[in-house]
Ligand code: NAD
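The chain below stands alone and is given as structure tokens, in the form predicted on its own.
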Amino acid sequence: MSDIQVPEKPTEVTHLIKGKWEAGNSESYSVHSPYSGSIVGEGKGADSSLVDKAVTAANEAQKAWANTPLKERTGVMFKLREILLRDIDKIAKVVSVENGKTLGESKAGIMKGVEVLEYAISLQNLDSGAKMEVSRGVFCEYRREPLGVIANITPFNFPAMVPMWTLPIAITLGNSYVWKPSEKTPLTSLYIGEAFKEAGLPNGVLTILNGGVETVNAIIDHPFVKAIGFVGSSKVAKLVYSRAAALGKRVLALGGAKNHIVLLPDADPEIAGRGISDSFTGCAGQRCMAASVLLAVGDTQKQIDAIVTRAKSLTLGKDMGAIITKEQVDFLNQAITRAEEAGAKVILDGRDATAPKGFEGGYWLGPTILDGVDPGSEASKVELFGPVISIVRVESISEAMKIENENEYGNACSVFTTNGALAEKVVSSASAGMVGVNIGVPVPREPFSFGGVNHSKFGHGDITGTNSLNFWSDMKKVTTKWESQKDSNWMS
């Protein structure tokens, strides 16, 4: 805990416009540290006039950036990688202070962002297009072209990682990028913006606009913005998708989740205990890939005991971070109480957890495990977004998968077993975009793409990896012929 130092003086939250930091001109807001509850940032949002100024500058900057050779664009990304690795400790501390993560989690998020950055750097060698002589003297080729100005609206739970899912790829492809961080965690954007500037990114290619709903709507509505990316709750994802799609814009909005883990009796207790516990407690459960429901098939008590033991051993502030707001802590406490009243047994109660010394004013909840949860109850169906897992006891894999398939979301599903055939049965029948076997958080690694299905995603494609390239760019198809040929066919 000694490594987390909440600053006494709040940081001014500003906007990066054409390479310069500017004060806002709209509503004022404060940033509270989940560790202490104290104010660590203050700023004003960007109204429609400031958004127009910023996006217009981004549109002008994009024209020159698009004409910059891909090798030179990736050169900026090489420098950015060096800077992020050099400053990882400094940036991680900012992430932890404003978000509540442990320092280890904050560093891991940055490193996942660096992994995406490395994939973007590889595009100079991997994504070279294609050219073929389709008929004598006639050639067809692909040319990947940027869209222009794109925008991304990112959530509080990963202030560095989620933006870095899209920043490197979209910018390397030749777009200019307008970033609207969460108003709960805008401080990290100041440091990432400075890193891009130091790396030599031309002014205006990256724009950072802070604020709330007014800022978001002005960005979506701006005629120069061609595509919108979003990560957050399904409720807001649907609103963003509807607004942007109605304007004829390309949009990919990732929403919430209620992820299921199928636990089979043959699962290794050590692997299951650690993997499942870490899944629902990591990042204090505030991630769209966290386990929410444990579908315990048959006699799995020894594995459940291992999960409880692992979760019970965690120390707040050291092994698990804080909850983003006091309001969210209150919501989680009330949800646990409602589950208890509905018949669930609280076999590990995070409401009794002790706050770390010196951070008693922060927002804390310990790991919580609910057993005997009814599959139709709130605890089983509603995304709680905290370190709470609900155990639903079932008799068969078929019963488990029926519950999983009826879930409105479709982000992740995992199975813990030592039997390959049973694992494949879960993998093939899961209604989820990302599936894990003996992995509690089945996040794909680059170049494999991140993305869910059902109400976890509004739009098409994935937000990272190979499947993201066609979202952040267009493919121009060129057909050429230079000489007359003696023979001919229908293509001539």
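In this text, residue numbers run from 1 along the sequence as written. Bear in mind the structure is a predicted one, so any value in this text is a computation, not a measurement.
Omitted from view is the form predicted in complex with nicotinamide-adenine-dinucleotide, to which the following refers.
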Do heavy atoms from each of Ser182, Gly256 and Phe385 fall within 4.5 Å of nicotinamide-adenine-dinucleotide in the predicted complex? yes
Hey, in the predicted complex, does Trp165 get a heavy atom within 4.5 angstroms of nicotinamide-adenine-dinucleotide? yes
Under a 4.5 Å heavy atom criterion, is Asn333 part of the interface with nicotinamide-adenine-dinucleotide in the predicted complex? no
Look up in the predicted complex whether Val240 has a non-hydrogen atom within 4.5 angstroms of nicotinamide-adenine-dinucleotide, and give yes or no. yes
With the partner left out here, check for me: in the predicted complex, does some heavy atom of Ser106 sit within 4.5 Å of nicotinamide-adenine-dinucleotide? no
Counting non-hydrogen atoms within 4.5 angstroms of nicotinamide-adenine-dinucleotide in the predicted complex, say which of Leu263, Val205, Ile276, Cys288 makes the cut. Cys288
With nicotinamide-adenine-dinucleotide left out of view, which of Gly193, Gly232, Gly366, Pro375 would have a heavy atom within 4.5 Å of it in the predicted complex? Gly232
Looking at 117 to 125, 90 to 98, 392 to 400, 155 to 163, which stretch has residues with any non-hydrogen atom within 4.5 Å of nicotinamide-adenine-dinucleotide in the predicted complex? 155 to 163
Using the arrangement in the predicted complex, list in sequence order the residues of 456 to 471 with any heavy atom within 4.5 angstroms of nicotinamide-adenine-dinucleotide. Ser456
